[in-house]
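This document opens with one chain alone, in structure tokens, the form predicted on its own.
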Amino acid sequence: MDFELSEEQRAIRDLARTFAREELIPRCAEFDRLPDGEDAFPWELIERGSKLGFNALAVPAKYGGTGADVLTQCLVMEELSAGEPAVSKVYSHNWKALFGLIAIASEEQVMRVVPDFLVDPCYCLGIAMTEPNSGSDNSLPFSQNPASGPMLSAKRQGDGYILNGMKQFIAMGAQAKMFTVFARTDTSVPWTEGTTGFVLLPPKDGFEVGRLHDKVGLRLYPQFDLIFNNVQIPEADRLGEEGTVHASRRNITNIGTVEATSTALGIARRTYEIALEYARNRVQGGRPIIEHNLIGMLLLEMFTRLEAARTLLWRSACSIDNGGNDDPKLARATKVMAVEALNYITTRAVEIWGGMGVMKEAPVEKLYRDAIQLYHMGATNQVNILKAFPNL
């Protein structure tokens, strides 16, 4: 397989790399130390990156976007994540949410969102799926048990629906200008048959953004609770027919998986680069520590895992771009491998930095905290394994 990049791919990759090195890295460590809240969300950097074209990168060309393929998206996500993964996640989450909307919405519904998204550099999209008692079973799913899956209720009333319940861990819950909301219209059947999608454009009577979750890592990429108290949604804002949302979203699953994988790869690369530079300059025993065999062996293992993860990711991305005719478990296996490689690399970087590795003044401490978050993005590693297992 030829992984030679086109001139256009190299250009957008280099643009993202420059933005990451010159603007994200110098600024985001400062943001990370702020208390969680609106002040810690890097609006200025999000707007700057959007004006460079990153927010519109994956929007299909027929809607006025760049229409970049999945491999190009992965290149950009890696570069931006090497600068600040939370900023990268804003763009890639928007792409994922938009792909999901296009997969299940009518053209009229899509056009109510996309034009505003393209002209507003701070337009964020939300996906309201996860609930306090419904997380991994949304991805697995346990289709034989009607008690699993989302339980936010959507009951018919007149020419619309009334939504009641709660969502949890919703990315950019306070920043999003549009949500795709998944609600249960029929609890007598499995959630895969009884869940319906809705468009919600805040503000809305009865809709409230709840608490902001205080995370260990990726602190600039916020997750909130969302409260629904008799929220009225007109039938015109229902996405497709009742109970069809799960089937409509299946063809975008791999895109969401490689999104998390690319984020992991960017953090891993940045960590490896920092560890390598430190090992070349830190002197112990009269020579740079990279010349000590144990340190050199650790760095080589880090390099090997990083390159293996990137190779598998690019293959997975190319498979999606070519119509998804490759092994169905490839994207999920890639995500598992990349996250395991990431956490190996960040842990070893902390060891290479020695006592400084756990000090907040050193850069590897933040990378170590960010790495942990990837176990729970793009579905947990365990769920990805369970989903891939039947295809062995």
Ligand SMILES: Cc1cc2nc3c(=O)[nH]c(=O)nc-3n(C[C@H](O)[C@H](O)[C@H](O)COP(=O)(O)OP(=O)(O)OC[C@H]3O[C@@H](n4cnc5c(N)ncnc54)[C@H](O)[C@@H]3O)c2cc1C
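Since the structure is predicted, the reported quantities are computational estimates derived from the model, not experimental observations. We number the residues from 1 along the sequence you see.
Form predicted together with the ligand: not shown, discussed below.
Look at 190 to 198, 238 to 246, 164 to 172, 271 to 279: in the model of the complex, residues with non-hydrogen atoms within 4.5 angstroms of the ligand sit in 164 to 172. Within 4.5 Å of any heavy atom of the ligand in the model of the complex lies no heavy atom of Arg369. Not displayed here, the ligand is approached by His93 to within 4.5 Å at the level of heavy atoms in the model of the complex. Contact annotation: Val209 falls outside 4.5 Å of the ligand in the model of the complex, judged by heavy atom distances. Interface residue remark: Ile12 is not counted as part of the site for the ligand in the model of the complex, having no heavy atom within 4.5 Å.
In summary, among the residues Ser136, Asn229, Thr311, Ser106, the only one with a non-hydrogen atom within 4.5 Å of the ligand in the model of the complex is Ser136. Contact with the ligand in the model of the complex, judged by any heavy atom within 4.5 Å, is made by just one of Ile127, Leu152, Ile233, Ile295: Ile127. Contact here is defined as any heavy atom lying within 4.5 Å of the ligand in the model of the complex, and by that definition each of Lys215, Met377 and Gln382 is a contact residue. Annotation for 212 to 237: interface residues with the ligand in the model of the complex are Lys215, Tyr221, Gln223 [heavy atom within 4.5 Å].
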